[in-house]
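Listed next as C-alpha cells is one chain, alone, in the form predicted alone.
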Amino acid sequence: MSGQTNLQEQSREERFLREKFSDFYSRAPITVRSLEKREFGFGGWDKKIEFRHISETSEPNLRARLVRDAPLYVSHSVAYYEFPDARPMTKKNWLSSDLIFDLDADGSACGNKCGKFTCQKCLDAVKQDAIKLIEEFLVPDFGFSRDEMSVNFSGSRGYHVHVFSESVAQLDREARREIADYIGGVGLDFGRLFWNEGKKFLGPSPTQGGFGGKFARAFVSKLSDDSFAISIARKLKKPEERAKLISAIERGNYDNVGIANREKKLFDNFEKMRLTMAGRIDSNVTADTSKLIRMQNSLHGGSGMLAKSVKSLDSFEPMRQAPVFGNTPLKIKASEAVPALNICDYSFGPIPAGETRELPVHSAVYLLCKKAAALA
C-alpha cells in the first residue's frame, strides 16, 4: 500500500514538504543494518506511523519507495524478523532485537519555556544525558564497546542510542526493562549505600563501581558549586573545609566537618541525583522488542531536520548540522507567534502571528513542519 496521502487531500504545505523530502531521498545515503529483516513504518502530516508491516529487500528498493511516496516519517523495527511484513505480529517470527535508548528533551532545563521550539539549553542538556548514558553506564557497567553502538540525533528533541551487541540481541522484555531500571536507579535503596558507624556517616567512594560510585563522583563534582556546597553546610563556603570534606568522601566518610541533618540532606540529594544521573530515558522504548524507531539519516516530519548519525556527541550541534535544506529564500506566513531562533547560523524572529517573512528554506521548512507557518 502506498504511504502517500491522496494528493487532493494534501495541503499546499504538505505537498511542498513531500516534494522536498522526495528530492532529498533521491540522493541521500541510506544504510540500515539487515534491512531485509526489518519491519518498516511510514508516517505523514497527521501521524508518525500511518502504515506499517512493510518490508523491503534492498536499499535501492527502499530508496525508490521513499522517493515515490515521500513519507514525512520513516521508521523501522528494532527487531529482526524472518517475515517482517507478516501480520499479526506473531507470524513475523521474531529473531532478535537491538537494544535502544530513546532520550528526549523534556523542557526542564529551561523551566518549560521553549515549548515545541526546543531551545539550545534543552538540546545541550539532553546531549549531556546521552553522553552520560554511554560514558557512565553502557561502557563501564555493561561492558559494551563503542563498535557495538551507534548514536543518532532524533531529528527533533533528542537522541537514539542503538546497541547491536550479540550479548543483548536475545533478551526478552523483562530483561530489557531491568537494564532500563538499573540505569534509572529504580528501586535503589539509600540505606544500602549509606550507614552510621559510631559518629561517622559512611557511604560510597568515588572509585567504587555501580551507582554508589556514580553518586559519590557526582556529589564531589557538585561541591565545586558554591550554592550547592553552602546548602549542605554553611562552613563549606570556606575552600579549606570543602577540600577537607572531599578528601574524606574519597575514603567513604561523608561527615568529617559536622553537617547538620546530614542524613536528610544526603538522602534528598541522593534522590535528586538518582533521577538525573541517567538522564531522560524512555524505559518503555528500551523494553519494547518490537518498537518502530526512526531510521537513521531519515528526515523528521516535525522539524524537517535529519535524524543524523553522530560520531562525536561532544562536537555535534543539531541546529547547525541537522538541517539539510539550503539557503534559497522562501516566503512564509506565521500562523502562531514564533520565538527568536537560530538555524544554520541564521538568526531570525521573533515573528508575530500573521506576519509574512522571507527566510532561508532550511528555516522555512522547520516552521512549516512545526505547523507554525504556512506558505505565503
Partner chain sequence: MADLAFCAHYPFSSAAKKYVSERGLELTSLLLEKAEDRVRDAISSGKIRKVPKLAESQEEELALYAISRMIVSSANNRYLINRYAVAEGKKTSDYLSGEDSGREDYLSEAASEFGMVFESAGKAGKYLVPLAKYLQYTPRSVDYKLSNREVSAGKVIVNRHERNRIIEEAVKKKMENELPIRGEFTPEVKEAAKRLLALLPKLEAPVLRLGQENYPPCIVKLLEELSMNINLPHTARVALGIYLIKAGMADAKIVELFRSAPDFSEKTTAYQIAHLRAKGYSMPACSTMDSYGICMADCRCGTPLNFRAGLHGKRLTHESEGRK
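Residue numbers count along the first chain shown, from 1. Everything numeric here is computed off the predicted structure, so don't read it as measured data. Superpose the two forms; the largest set of C-alphas matching within 1.5 Å is the rigid core.
Missing here is the form predicted in complex with the partner chain; even so, the following discussion is about that form.
- Query: Which residue, M295, V126, L193, I134, has a heavy atom that falls within 4.5 Å of the partner chain in the predicted bound form?
  - Reply: Selected residue: L193.
- Among E82, D226, D147, D189, which has any heavy atom within 4.5 Å of the partner chain in the predicted bound form? Only one listed residue qualifies here, and that residue is D189.
- Item | A233 within 4.5 Å of the partner chain in the predicted bound form, heavy atoms | A233: no, not in contact with the partner chain in the predicted bound form.
- Query: Wondering, does E174 line up within 4.5 Å of the partner chain in the predicted bound form on heavy atoms?
  - Reply: Yes, contact at 4.5 Å.
- Would you please decide whether Q208 lies within 4.5 angstroms of the partner chain in the predicted bound form, comparing each non-hydrogen atom pair? Answer yes; at least one heavy atom of Q208 falls within 4.5 Å of the partner chain in the predicted bound form.
- Query: Does T90 make contact with the partner chain in the predicted bound form, using a 4.5 Å heavy atom cut-off?
  - Reply: The answer is yes: T90 has a heavy atom within 4.5 Å of the partner chain.
- Query: Out of the stretches listed (218-226, 283-291, 104-112, 147-155), which one is close to the partner chain in the predicted bound form, meaning heavy atoms within 4.5 Å?
  - Reply: Careful reading of the contacts points to 283-291.
- Task: Quick one: name the residues from 130-145 with any non-hydrogen atom within 4.5 angstroms of the partner chain in the predicted bound form.
- Result: Counting only heavy atoms within 4.5 Å of the partner chain in the predicted bound form, the contacting residues of 130-145 are P140, D141, F142, G143.
- For G111, is the CA shift between the shown form and the other one at least 2 Å following rigid-core superposition? After core superposition, the displacement of the G111 C-alpha between the shown form and the other one stays below 2 Å, so no.
- Message: With a threshold of 2 Å on the C-alpha, tell me if F194 counts as moved between the shown form and the other one once the core is superposed.
- Response: Yes, its C-alpha moves 2 Å or more.
- Message: Once the core is superposed between the shown form and the other one, does E250 show a C-alpha displacement of at least 2 Å?
- Response: E250 C-alpha, core-superposed: shift of 2 Å or more.
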